[in-house]
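The chain below stands alone and is given as structure tokens, in the form predicted on its own.
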């Protein structure tokens, strides 16, 4: 820009209150020319691309002038020289241009935002209108569906088809010339014909009743004749008892049991029939017997549920009214009501499951009449004495023997949701307080009796005998498997308490011939003691442990190394694998959370079930896990450096295992996998 253009005088511009710039007016306002300058008007005529190019050129000129001023100053020119002042003025003009471009950019931005806001408002208005229309459409659809779903009372009556109606109905009722073209008249005519038919059937019903009475009289006469034959038949049966015993066909005993079974409540009767049928078809060693007071069962009167509820309500009101007068007897009355509510049926069932080794599992099933649930108690009879192992005390405990026969079925609370309201009336907080006396109300027990409640996780359409038959075979197999598993664990615990790990001949190939590390201690511990261990907190946080599990502590030692293993034994063993948590005391304390090799040892005993379970059903799983733990400790100690400070000396644990590589990877994992029959250890 030339210096002449800078020197040229420009009219001064002022801005009014509305922001519109205008020229400054002198006293003689009428004599001077007034010019108005509006940047918004100018903005509409300007091209943003040209303004951007002007901005770049101005910045380049400004940088060039600054460089010239710097060059002049470096060449010795004075600050107030003409050349420097001229360039200062040019720079000021460029700065004014930049300020104007900045204002124009801000105005363009504001204008774009305003346009965007207006467009959004239009879109919001259209969206609101669309939502209103959709709501109106939905409302109309609901009204249409209500109209279409309207049902008249005559629709519930099953009428004959139109073809059958026109064929059978007389002409004075059918009136084909009217009803074929009018659906309303057709419906009325069909209803009239239905009324005529029902009147005719009512007459036939009366005639059938009269004929039924005649037949009943004939039946009574024949029944009297047959009853006269009973004494003679009893004499014949009594004389045939020696023959029945010789042929193992106890017809007399079966007849007596059938007579007693008539007085069983429906759930116990269903269980009796299905268990006897299963024993006859699949398990000849299974036996079912009825025990209890038969006379009391005969005298037991069945009350309607409504009368029981009314009686309980009236008793509660009477108790509230007379509380002040009979304060000393309120607790006694409440206890009597609890006993009446928890009352058993006089008859019960005893199911005996026999195993090949001579052990017997006795199952005693009871029915709580007012609660409408079945409970079970257990007892184990063995051919040999099993009192040697201290840590096996809970294995055959009747209170925990059948825990979690099916997953999450602890048998502590009643599965009938209606019992909760019954308990509130008599002040019972939880059914678990009465389990030791009444038995466990497992869900599978209810299904064996044909009972199913809405609180069950998986609802089935089967009821009664069909429901019992669908669960009988699987449940009996689980019960026999549970008894065999607990007896096998009892024998194994006896050996483990004497520091002997019993490994069967079928599983010898899973381990090397020589294992130096040995089990020194095997003890049982409580859930509280287990939770206080520091190296099992990750297992607790993961939710892998329940209070119904069994907890043990195994100590494996070799030299100065001492390995602690906290074992969690699930009640469903061996279906659910035992869980090991390790802590090594050797040159400090290490655990699976701080040492990668200990974590690898935990995975060796916790993960590879297919390698450790042995022959089915896998009753050697626990002892195989402990034996593998000893093998892994040998590999760890033999491959770990024994002298940490680098000094020479004899090793505490000489190398006896053959390993392809002693360590691998950044974590320096040890080779814990044993390869048979080669006899070396490798990494997985």
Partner chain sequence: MFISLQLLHMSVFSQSFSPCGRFLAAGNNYGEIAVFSLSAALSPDASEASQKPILNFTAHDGPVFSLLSTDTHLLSAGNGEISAWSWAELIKKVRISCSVNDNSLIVGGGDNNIHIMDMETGIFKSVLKGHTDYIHCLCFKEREEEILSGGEDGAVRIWDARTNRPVHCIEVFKYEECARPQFGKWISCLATDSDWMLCGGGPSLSLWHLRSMSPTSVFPLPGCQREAVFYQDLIMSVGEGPHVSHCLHGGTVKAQIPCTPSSLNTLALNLKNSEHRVMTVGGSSHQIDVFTNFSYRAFSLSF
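Treat the numbers as computed from the prediction; the structure is a model and nothing was measured. Positions refer to the first chain, counted from 1.
There is also a form predicted in complex with its partner chain; it is not shown, and the following applies to it.
Contact check for 486, 491 and 549: none of the three has a heavy atom within 4.5 Å of its partner chain in the predicted bound form. A heavy atom within 4.5 Å of its partner chain in the predicted bound form is found for one listed residue only; from 542, 390, 233, 126, this is 542. Contact with its partner chain in the predicted bound form, defined as a heavy atom within 4.5 Å, holds for exactly one of 87, 410, 379, 593, namely 593.
Checking 88 to 96, 605 to 613, 425 to 433, 443 to 451 against its partner chain in the predicted bound form, the stretch whose residues place heavy atoms within 4.5 Å of it is 605 to 613. In the predicted bound form, its partner chain lies farther than 4.5 Å from every heavy atom of residue 175. Its partner chain is not drawn, but in the predicted bound form it has no heavy atom within 4.5 Å of residue 585. The shortest heavy atom separation between residue 579 and its partner chain in the predicted bound form is within 4.5 Å. Using a 4.5 angstroms limit between non-hydrogen atoms, residue 667 touches its partner chain in the predicted bound form.
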